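The chain below stands alone and is given in structure tokens; this is the form predicted alone.
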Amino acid sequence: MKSLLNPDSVKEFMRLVATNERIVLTCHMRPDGDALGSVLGLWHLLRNIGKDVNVVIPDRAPRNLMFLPGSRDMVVFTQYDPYCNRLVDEAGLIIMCDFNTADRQGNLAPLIQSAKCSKVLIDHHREPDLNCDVIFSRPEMSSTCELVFRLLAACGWYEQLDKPGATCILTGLITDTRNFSVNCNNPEIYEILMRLLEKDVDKKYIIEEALNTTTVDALRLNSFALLDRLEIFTSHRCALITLSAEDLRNHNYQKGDTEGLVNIPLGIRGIVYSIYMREDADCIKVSSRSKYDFPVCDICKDLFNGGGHLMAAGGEFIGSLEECRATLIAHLGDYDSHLPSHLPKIELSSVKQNYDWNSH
């Protein structure tokens, strides 16, 4: 496996770890498999080399990721604000994983950004905008967990990585590559997979828990979303799913219940990108995924105060769900130039096309 990290940055990271006994690990809001996999993978490794380390996350983790070893030991800022403040105040080093801007941490951001201790960023999103002592930013990598593994290997800590830590890291690789179906053209990813499997990690178990396990309420909500809330914009090759607060209440929505929903319409022949809008208490959450290198990151950046990867991005809209939907529809044509040519016809025999918003 090639060494892709700056040797001076690796050396400084090792120095910071060696000279600081108390370390805080943190990630972005609404943590996914890559965010939790990276912080928990590091948590296990740093504990194994004798560090006093804690994971502080902005809000609760989704249910489908609570199988991760160490997940019950994470401290949730929205539930334990004073304790989080004390942990950050006492830390000599903060390691931030899987986010590139402070606003990705929501209400936790002021506490983390105002901390006087040393900070390290480990991330694979574009254009990092954080003040840190050391930055490992590699947008070309499949996941932050891939970057974490490469960093641990560069530090010579592979032997100290145990099965629980390797399980967490592999979870991030699996979830961000959709079980090695996207962002996985670099052959070295499979070498990393092999090295993690050498730690006796159960890949099948991770896939079952992180990707294939759900609840009755979540299954009914996702089925409802696809049956009654899916729109297809044929000329723009776009699929849109919108779920209102009432829709969520009617289906007993819990955090993580619609994880992966935005990916499903990409299976429709001829669809290039998929957008999912969910009405939250204070804003509309927007998620997007695409194929054929279509830049959904531009849509999220231009329209929804967000961004992300070329084919996987998100954002937020301040306003009503109807206004958010209307904003997207008004600008769909702006991105048609990025559509590939010679796509197959979209069959719509059983799918609503641009249905009346009032039907909501």
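Just count from 1 along the sequence shown to find any residue number. Keep in mind it's a predicted model, so treat the numbers as computed, not measured.
We do not show the form predicted in complex with ligand 5GP, though everything after this point is about it.
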Self-check item: Proximity to ligand 5GP in the predicted bound form, single hit among A312, L321, L303, L46 (heavy atom within 4.5 Å)
Solution: A312
Exercise. Could you check which residue among R104, R229, R150, H251 gets a heavy atom within 4.5 Å of ligand 5GP in the predicted bound form?
Key: R104
Self-check item: Interface membership of E316, ligand 5GP in the predicted bound form, 4.5 Å heavy atom rule
Solution: yes
Quiz item: For R237, is any heavy atom within 4.5 Å of ligand 5GP in the predicted bound form, or not?
Solution: no
Quiz item: So in the predicted bound form, does any heavy atom of K119 sit within 4.5 Å of ligand 5GP?
Solution: no
Quiz item: Could you tell me if P58 has a non-hydrogen atom within 4.5 Å of ligand 5GP in the predicted bound form?
Solution: no
Quiz item: Counting only heavy atoms and a 4.5 Å cutoff, which of 239-247, 280-288, 69-77, 178-186 contacts ligand 5GP in the predicted bound form?
Solution: 280-288
